[in-house]
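Take a look at this one chain, the form predicted on its own, written out in structure tokens.
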């Protein structure tokens, strides 16, 4: 049967899946700062049901942005640079970040997307906006389903994000843009008009009566309402905001959307969180945020990025195959000249508890086994220490992160001891574990 004839059935099947989402409890694992935002690891459909039912968040999110898989039929990975002991860097280990291959084809992909759009509609405020970021592979189908779910009258914009990288071919015009579909939930939605420069013809002054003109190094221009074609560079290899996540989007793109669709203090969400760009941009713009991704490695990278941004958030895990990290930690108390007890916490070993959980090929697995033998701390990516552990929630006061230049974390830190000490460690593959040191 032709796909066009199956669209109504796909929507019906998506509605059924949405209505039968199993209830999963997402448990708090670590709290950074006051924990006011949420970084969740797990299936986003289950997490959204958890938000609606357990956190009473139906119609509470002002802006939802998602950058889901594009139906590219590719697998995406990242390169990790390590060393054998103190020797020079070995050829990069390639780790699978996520798969955009669909065994049952585009119908399975569209059912996945539609069931989640239905759940997002439940969470969106009446005056909220949702933006779905796709490209030529499936954006045309997504628009049909968004018309059906949100209403064709609630279509707001089709934004073209134009960039310079990739997409070249001698057999067609270069594919150098993505499509962002912006929809509202009702006709009364919040929107802040943004302005942009519009250069005069020939860059010369018009001198029209009542028209305010400006001049910069390029020439004369006026300020107009922003158009729906955006020229924004991708995140370059040398960019300061680059995390290494393979499909990372630029903060400037998300900042523009957030400023247009929300006011300061509003709540934004990204349920295909990836590298955490939406959350980082929302944090800097003074908005609250929710992040969710099923990939433990993606979530760990986002976590580190958001800590560096001085964000406050709670890390939650759902019913996800969260690989465990085996590590050894030691603690030594020091006599202090003040009334504080100072402790020296040291990590002496770090390795995946189960190597079968590591998403690498056979050749790279041999490298990992040798690294574990020579210097397992090469696999240490992040660790934190809570010197006042309450027996319930790890709330660290100190953090250490992987130094890309050294390809390794520092293995010890000092902190002021007030009670039991809990240590959380995560390796480069996203496997993690918490230990309590008495």
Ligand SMILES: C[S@@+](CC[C@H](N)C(=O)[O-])C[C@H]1O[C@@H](n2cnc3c(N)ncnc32)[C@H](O)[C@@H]1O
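Positions refer to the first chain, counted from 1. Keep in mind that what you see is a predicted model, and the values were worked out from it rather than measured.
Keep in mind that the form predicted together with this ligand is missing from the display, and what follows is about it.
Although the partner isn't part of this model, could you tell me whether residue 109 comes within 4.5 Å of this ligand in the predicted complex, counting any heavy atom of the residue?
Outside the cut-off, so no.
Any of the heavy atoms of residue 381 lying within 4.5 Å of this ligand in the predicted complex?
Because no heavy atom of residue 381 falls inside 4.5 Å of this ligand in the predicted complex, the answer is no.
Within 4.5 Å, heavy atoms only: does residue 143 come near this ligand in the predicted complex?
So residue 143 does not count as contacting this ligand.
Classify residue 272 as contacting or not contacting this ligand in the predicted complex by the rule of any non-hydrogen atom within 4.5 angstroms, answering yes or no.
Residue 272: yes, in contact with this ligand in the predicted complex.
The single option of 358, 267, 285, 294 touching this ligand in the predicted complex, heavy atom within 4.5 Å:
Looking at 358, 267, 285, 294 one by one, just 294 meets the 4.5 Å heavy-atom criterion.
In the predicted complex, the residue from 189, 221, 245, 230 that sits within 4.5 Å of this ligand by heavy atoms
Looking at 189, 221, 245, 230 one by one, just 245 meets the 4.5 Å heavy-atom criterion.
To test your reading of this chain, name the stretch in 41-49, 392-400, 406-414, 54-62 whose heavy atoms come within 4.5 Å of this ligand in the predicted complex.
Result for this chain: 41-49.
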